[in-house]
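Coming up is one lone chain in structure tokens, specifically the form predicted on its own.
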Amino acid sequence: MKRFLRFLAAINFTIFSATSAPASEVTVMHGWPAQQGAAFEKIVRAFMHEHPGVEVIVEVVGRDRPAFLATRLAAGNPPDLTPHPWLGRQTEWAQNNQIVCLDGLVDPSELLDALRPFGYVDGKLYGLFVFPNIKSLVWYNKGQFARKRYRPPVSWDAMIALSDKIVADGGTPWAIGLESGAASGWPGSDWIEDIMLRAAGPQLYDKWVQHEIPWTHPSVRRAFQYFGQIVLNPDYVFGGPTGALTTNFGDSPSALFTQPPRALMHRQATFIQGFIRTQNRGLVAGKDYDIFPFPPIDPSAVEPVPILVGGDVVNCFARRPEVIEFAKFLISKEAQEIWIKELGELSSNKRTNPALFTNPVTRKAWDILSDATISRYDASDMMPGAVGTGSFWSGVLDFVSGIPLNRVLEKIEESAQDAYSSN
């Protein structure tokens, strides 16, 4: 009956069993789509090969997983663990004693230095960073750059100068897509977060996330203005601001690879490479396209240059030994290398063999992540939902559509006062 109810509760439900003998159960809930889900299943099978007495039950919940988890928590029936991108919820769960403190249970030293801090809440370890993305990247048409003798810029001013040069040469510098269904606006929030991190610095970024400074603060205003310098310039963006508002984020980078190219640069996280390669067959990584780090804005203010990251942290709702062992396995070199081989994505384990990154662009991203000493997580994922995935995203759309910045920031600030006071 318990398994039948679990089947009804989840959108998808899979039992992996390494043995027909009675087994301990571990339930894990995730929301990854087909390819990532299939790669995760291989990780599950590898774990059970090493732990034949454990039966892993995988529940896939694609939509409204936060609400689904909240319902399960309220009913006292959460999964044993879940990987997720919502660091704000990790903090909430930890402070409400709903997830397991992993201090003394897991050694996080295998994690990359840039990723380890994101598992801590109030100085205690609650989460493990399992599958990272770097957000601070600009993708570009490398062949066109070579033909035009353009060089990747190393500062914001140099990036603006390059954009002006591309316009003068008859081209369009940027492809930007903000449309993402009910989540429209999030690609613009990533721009603003990256700018905020570079122009204001990590400490002020943290205060912004915690609402210790208002949305009307000069540093937040300046971040929107820097973004506006690009997105509001019809000469800079393919399709202009209207094109940015109506173009799907996954379709947007394809503008770099038309004949002739409709744009030359696109700012997005490492995951976008999957969209680029799927929609533009035959492209050669490192030859037809490449990346450069999103450049510093005020190098004298932030040194070394920080990176913005996203991805999944795993939290445990149960303390049983087999649950903790599975969480530890997810950050292991073995599990991370399965993820790399299956998906060509990044690893969170510092012992990962770099030779596995056969794609030169992914290898470059890995080097950036491995070398990073200052990093911050996606701000909108750490804010209360009413702000981070609500008024912030809609505020980005309002700003790009032409609503005055003062009004946009005041509206977000109003929602933030309500959201943070109720948390």
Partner chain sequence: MIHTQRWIVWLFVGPAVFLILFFLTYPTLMTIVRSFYGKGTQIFGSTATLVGLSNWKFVFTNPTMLAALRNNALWTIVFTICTVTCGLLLAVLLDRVRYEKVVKSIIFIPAAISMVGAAVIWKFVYAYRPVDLPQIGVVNALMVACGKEPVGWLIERPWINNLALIVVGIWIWTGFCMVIFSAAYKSIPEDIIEAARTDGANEWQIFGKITLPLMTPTIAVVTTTMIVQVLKIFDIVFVMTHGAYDTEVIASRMYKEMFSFYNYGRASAIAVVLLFLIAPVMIFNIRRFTRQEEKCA
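All values reported here derive from a predicted model rather than from experimental measurement. Positions refer to the first chain, counted from 1.
As for the form predicted together with its partner chain, it is not shown, yet the points below apply to it.
Legend entry - Candidate site Thr246, Arg262 and Lys411: all three near its partner chain in the model of the complex by heavy atom within 4.5 Å: Answer is yes for this spot.
Legend entry - Contact label in the model of the complex: Ala168 to its partner chain, heavy atom within 4.5 Å: No, Ala168 stays farther than 4.5 Å from its partner chain in the model of the complex.
Legend entry - Partner contact for Glu50 in the model of the complex: its partner chain, 4.5 angstroms, heavy atom: Contact check for Glu50: no, nothing within 4.5 Å of its partner chain in the model of the complex.
Legend entry - Residue contact check: Ala67 to its partner chain in the model of the complex, 4.5 Å heavy atom: Residue-level check for Ala67: yes, a contact with its partner chain.
Inset, instruction - Although its partner chain is absent from this view, report whether Val60 comes within 4.5 Å of it in the model of the complex, heavy atoms only. - result: It does not: once its partner chain is placed as it appears in the model of the complex, Val60 has no heavy atom within 4.5 Å of it.
Inset, instruction - Counting only non-hydrogen atoms, choose the one of 378-386, 354-362, 27-35, 40-48 that falls within 4.5 Å of its partner chain in the model of the complex. - result: This holds for exactly one stretch, 378-386.
Legend entry - Single option in Gly88, Gly239, Pro153, Pro306 placed near its partner chain in the model of the complex, where near means a heavy atom within 4.5 Å: None of the other options qualify; the answer is Gly239.
Inset, instruction - Identify, from the list Glu179, Asp298, Glu110, Glu325, the residue with a heavy atom within 4.5 Å of its partner chain in the model of the complex. - result: Result of the distance check: Glu179.
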